[in-house]
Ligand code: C2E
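First, one chain by itself in structure tokens, the form predicted on its own.
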């Protein structure tokens, strides 16, 4: 009887201790002052010792597929080093299909668990699993919310960082930067998209390492990023963005140089952010300006950018009405045969007349090119050119071929070829009087589309020309794979003078003209402004020219007068 009472008392004492430890475990897991891991591990160790367990292991899998692939996180709750066999295993699948498992081990020399003990250990294991799954899912949610699908810190992470600094009055004196990796589609073409992803990752990590704990770097998407750093770090950060070699193959050590355009906002001392746009709008505006110009492709935010942004918004708002009211007029810049002075063709250029004044092309064309609005203007121009050509033909004038520019934005339009031909045929214009000018593309998809469109136009008898040859990065590939009719040499290739010297521009110009002739292409030099440049063209047997030496872009009625056998003087400015 005394023995039974002793056993009963020991059992009661053990049971009391168990519930005391279980309560302490729950308190540690729900402590409002924060999680104390040391305290939590100590309680788990006592519980394992109570039940003669040698080890407790928890595993977390983000999904069922991760569990099947055995890709998860492992947490060892307790391990006294004795090893043993698994005696209990508990598995929980959460509502979001995350999987948490817990396994406990017991050495073979220890007494096996009773049914009551198994029930108690099972309760402890499920308590631990619920705790781990909740904490880990919170971490997963945090990671998904603050990182993109590739694991880069995202815009939410950047805004949280700004808000944290703002709450501490710590934004003043910092520098915010919005940067874009320049021509990165060409990098992908050169080394492949997989290696390109490695380049982006290494470039990102390199800048983050440079900034360190003094700031942050986050990805907005694609090749667009934002960063925050100290004022004293700005010079080294901009040096890094100006151009740095980035390794993409650890085995071969292969590298590619990466540069960026950047918009910079020097946050003044005492600055308080009232809303996210107080910083983001500034660096976005500066970045947009940096992409279209700016010294070293870096633009610092100032009040003039606000006025420029307002001007851009006005253009976007006014464009639909201006198109309906036909405020855009076609001006024609003549193309000249430099041997005879005869008119050999013309380029159709757009001028916007609004409220009695002319809006210059550089004030609205770049704005429209930011969206597909430029495509509407291009078709408008083509239609008005066809309208003029039809009228000139009906009037019996000597008509020349007119070239019309199309933005690369059209390359995403599968019906482009059909739309061009439909407009030309609507006005019954013979196809040989139309020339479509196209510029180089920057992606494989656009390049394939460009090739298809050029071949289709030529099959329809419409001329095609490659505009601004020599400006881009893939010009040679353009003329090697696409059967153009005309090669327009950019003014940057045209030598300034003819003095017998073989400088790089003279050599390049000579061989570009020779190459065009060998390929069976007509060749025209644009931007001809001096008699000396005209002599350079003659020396290198470039027959066609366009530029202010002969004529500026002319209103329709003045250009019409050039269609009546007009000849340009060739030994002096026309």
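Here the structure is a predicted model, which means the values were calculated and not measured. Residue numbers count along the first chain shown, from 1.
Omitted here: the form predicted in complex with this ligand. The next part is about that form.
Practice prompt. State the residue from 273, 365, 234, 421 whose non-hydrogen atoms include one within 4.5 Å of this ligand in the predicted bound form.
Written response: So the residue touching this ligand in the predicted bound form, by this definition, is 365.
Item to complete: Quick one: from 467, 413, 148, 117, grab the residue that has a heavy atom within 4.5 Å of this ligand in the predicted bound form.
Response: Spelling it out, the residue with a heavy atom inside the cut-off is 467.
Worksheet item: Is this ligand in the predicted bound form near all of 159, 177 and 261, within 4.5 Å of a heavy atom of each?
Response: Not one of the three qualifies.
Worksheet item: Based on heavy atom distances of at most 4.5 Å to this ligand in the predicted bound form, which listed stretch, 523-531, 23-31, 45-53, 61-69, is the contact stretch?
Response: Selected stretch: 523-531.
Item to complete: Answer for residue 511 alone: is it within 4.5 Å of this ligand in the predicted bound form, judged on heavy atom distances?
Response: Looking in the predicted bound form, residue contacts with this ligand do not include residue 511, since no heavy atom lies within 4.5 Å.
Worksheet item: Is residue 347 close enough to touch this ligand in the predicted bound form, meaning at least one heavy atom pair within 4.5 Å?
Response: Contact with this ligand, yes.
Worksheet entry | Contact test in the predicted bound form: residue 241 vs this ligand, heavy atoms, 4.5 Å | No, residue 241 stays farther than 4.5 Å from this ligand in the predicted bound form.
Worksheet item: Given that the partner is absent here, does residue 351 sit within 4.5 Å of this ligand in the predicted bound form, heavy atoms only?
Response: Flag for residue 351 set to yes.
Practice prompt. Scan 393-420 and note down the residues that get a heavy atom within 4.5 Å of this ligand in the predicted bound form; none is a fine answer too.
Written response: The stretch touches the partner through 405, 406, 407.
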